[in-house]
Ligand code: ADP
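In C-alpha cells, the next block holds one chain alone, the form predicted on its own.
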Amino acid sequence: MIVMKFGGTSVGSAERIRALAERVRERRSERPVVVVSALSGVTDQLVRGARLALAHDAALESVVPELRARHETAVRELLPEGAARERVLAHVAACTEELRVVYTGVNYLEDLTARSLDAISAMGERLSAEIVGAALHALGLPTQAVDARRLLVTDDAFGRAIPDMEATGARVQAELVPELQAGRIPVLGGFIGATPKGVTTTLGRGGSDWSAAIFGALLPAREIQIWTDVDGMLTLDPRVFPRARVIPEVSFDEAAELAYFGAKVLHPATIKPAVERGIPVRILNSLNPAAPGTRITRDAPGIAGEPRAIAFKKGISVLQISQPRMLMAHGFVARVFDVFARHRTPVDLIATSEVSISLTVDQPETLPAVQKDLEALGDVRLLPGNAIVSVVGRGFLQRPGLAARLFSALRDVNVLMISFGASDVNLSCVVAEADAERAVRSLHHEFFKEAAA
C-alpha cells in the first residue's frame, strides 16, 4: 500500500480535485490511503477570522459565509444532485455553524486560547476530507472519508501537538486497515488529531506531511508520496532562483536538514517516521504528474563532500548570553537550555566562546519570556530579523576547503554566526534577512555554477 498526501494547491478547486482523482485512480492497484490538506488559503482565512473575533472587528461577519460558500460551490461542482451531495452539504453547514459558535465564544470572552485556535484551524481539513472523499466516490473510486481525529492521538500541546505513536498505531490497525482490506480508499484530513479525551489538536502549520508519514509508518506503507506544486526538491527555492535544478534522489538526513532549514516543499518532521521504518518518501508535482520528482531514501547515491542543495529560513532571532564568570562553570550551559525547555522553544543553531553563547530561535511568541529568564543567568542581547542559510550535502567533515568556498561566495555579506561540525551534512550561517536571498544566490552560483542574477 502507499500513502498519497495532497497539499492545498492540489485541492484548491473542483478542477484540481478531479486531477487528484486521476492520480489516485492510476495507483488504485497499490491500495492508496489519501491524506489531504485544507483547500488552498482556507487555514489562513480561518486564523484570520479568529484574530478578527478577538479584536471585535466587524469584518468577521463575512468570514463564515465566505468559507461556507466556497466549500458549497466545490461540492456542487463535484457532486451530482442526490443524497451524496446533500449529505456533504449538510456536513459543510454543520462545520461552519460550529465555527461560527467558536468565533462567537472568542469574541465574547475576548480570549483566543491555543485550544480554541486548534479547533478553528482544524475546520479546513475536516471539510476538505469529506468533500474529496465524496468527490472521488462520485468519480468511480470506492472511497471512505475518515475523521483523522479518531485515529491520530496526540498530547495536549495545542498548536504543536506531539503524536502518541503507540495509541495511534492501535487505532490505525482497528479502523484504517479494515477499510483497506474491504477494498476502500480511506481519505483523511492531515494536520489534525485529538487528545485521548477527544479534544481537537493540530500538529502545526505544514503538519499534513507529518500526518501522512505517521499513517504511512504505522500501516506500514511501501512508499509515502507528497504531492505538491513543484517538480521535487530543488537545489534552491525557485522563487529566489527560477533555474534551480530538481534533485532526483536525496538521503533522509539531507532531506530532513533541507526541510528544517527552509525547503518549503516538505514539513521538517515528515522524515522521522519514514526514517524509523525505512519507508521511501517521494515528492511529486500534482500539476505536472509526468515529472519523476525526488525520491528520499536512507542511502541515496551521491558524491561525498559535494553540496546537494541550498536552503534558507527567515524570521530568525539570535540570542547572545554573556557571563564571563559562569560560562565555563559546571552546569551553566545546562541552565541555559533548561530555560528553552521550560518555554518549549527549540534552538536551531548554537555557537560558544569562552565568555558567551549564541543561539538562534524561530519562535517569536515565546522570546520575551525566554529572554527574561535568561537575564537571570547573564547579560542577554537579542538580535531579531535574521536568516539561517544552509548548505546541505553529505561527507562535509571530510571535505577540505568547503568552508573557504562558502566564505568566498559570501565575501560581500556580513555573517553573524556560523555552525559547522555538529552534522556531517550541513554547513549553516546566520545573515541579516535583507541579505538572505543575495547570499543563497551567490552560494548556488559557487556550488552549482549557475549565474546568480
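The first residue of the sequence shown is number 1, and the count goes up from there. Values in this document were obtained by computation on a predicted structure and should not be read as measured data.
Note that the form predicted together with the named molecule isn't included here; everything after this is about it.
Proximity to the named molecule in the predicted bound form, taken as a non-hydrogen atom within 4.5 angstroms, holds for one residue of Val265, Leu219, Ala145, Val275, which is Val265. Out of the listed residues Val106, Ile131, Val230, Ile316, Val230 is the one that sits within 4.5 Å of the named molecule in the predicted bound form by at least one heavy atom. This chain is displayed without the named molecule, yet in the predicted bound form the stretch 230-238 from 96-104, 178-186, 366-374, 230-238 comes within 4.5 Å of it by heavy atoms.
Residue contact with the named molecule in the predicted bound form: Thr9 places a heavy atom within 4.5 Å of it.
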